[in-house]
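Take a look at this single chain in structure tokens; it is the form predicted on its own.
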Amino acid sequence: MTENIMAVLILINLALTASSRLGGCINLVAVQGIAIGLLPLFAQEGLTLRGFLLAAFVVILKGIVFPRLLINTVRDAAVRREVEPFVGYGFSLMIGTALTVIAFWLGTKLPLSLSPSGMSLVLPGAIGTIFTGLFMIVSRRKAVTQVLGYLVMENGIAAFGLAVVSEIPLLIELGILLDTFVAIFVMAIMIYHISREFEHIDVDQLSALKG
């Protein structure tokens, strides 16, 4: 099951690089967040109450709360598509495929030992998700898409942590999730105010502003 979840993450990464619809991208990132939440249930041996509660918290936060915040932001900004990204969608898909190949190559080279057996896709899937998040941040103009890139990168880091650390203290995991929640909340507020003041959310035009 873990391999299936990681395969879904990899396919979502490729879909994100080729999609221009902001609503579709938000839904894809929501599905990815739910998959990350379910991952510990299948990656660790035995279902514990701690693992179940943490998975439920992650699924609610990444699968419902974050997408709802971003959908409201997109609706208020009246923006539906990323029309003119820095990198075209066809070329982005090629780069996304290349990043996935590099992630698989790195997965075989890094001297890390995965605790449970049968997790060959976890490391390359996690690295590929981090790469995809970084690529979305640098290749898109809309602030919403860059926030999605941040979320995708955080999903990859969470999957990577699961691959290399058998058990992370619960308080640390909750602290990271709350930090992410605050960051997304603040970013949504900033995007709303940017769209209201400048009637767009293209981050490249903000560099032309002078104090």
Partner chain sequence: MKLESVCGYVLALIAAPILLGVINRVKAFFAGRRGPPVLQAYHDLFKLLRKSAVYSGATGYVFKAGPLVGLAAVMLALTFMPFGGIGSIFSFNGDFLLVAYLLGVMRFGTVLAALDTGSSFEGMGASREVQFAALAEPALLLGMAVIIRMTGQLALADGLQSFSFGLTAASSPIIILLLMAWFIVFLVENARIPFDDPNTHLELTMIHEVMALDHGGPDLAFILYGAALKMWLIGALLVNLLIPAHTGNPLLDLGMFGAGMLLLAAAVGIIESTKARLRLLRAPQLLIAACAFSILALVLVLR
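Please read these numbers as outputs of a predicted model, since none were measured by experiment. Residue numbers count along the first chain shown, from 1.
Not pictured, yet referred to below: the form predicted together with its partner chain.
V101 belongs to the set of residues with a heavy atom inside 4.5 Å of its partner chain in the predicted bound form.
Its partner chain is not shown here, and in the predicted bound form it never comes within 4.5 Å of any heavy atom of L22. Heavy atoms of V74 never reach within 4.5 Å of its partner chain in the predicted bound form, leaving it off the interface. In the predicted bound form, its partner chain lies within 4.5 Å of some heavy atom of L121. With respect to its partner chain in the predicted bound form, the three residues A30, L38 and A55 uniformly fall beyond 4.5 angstroms at the level of their nearest heavy atom. In the predicted bound form, its partner chain lies within 4.5 angstroms of at least one heavy atom of each of the following residues of 13-27: L14, A18, S20, in sequence order.
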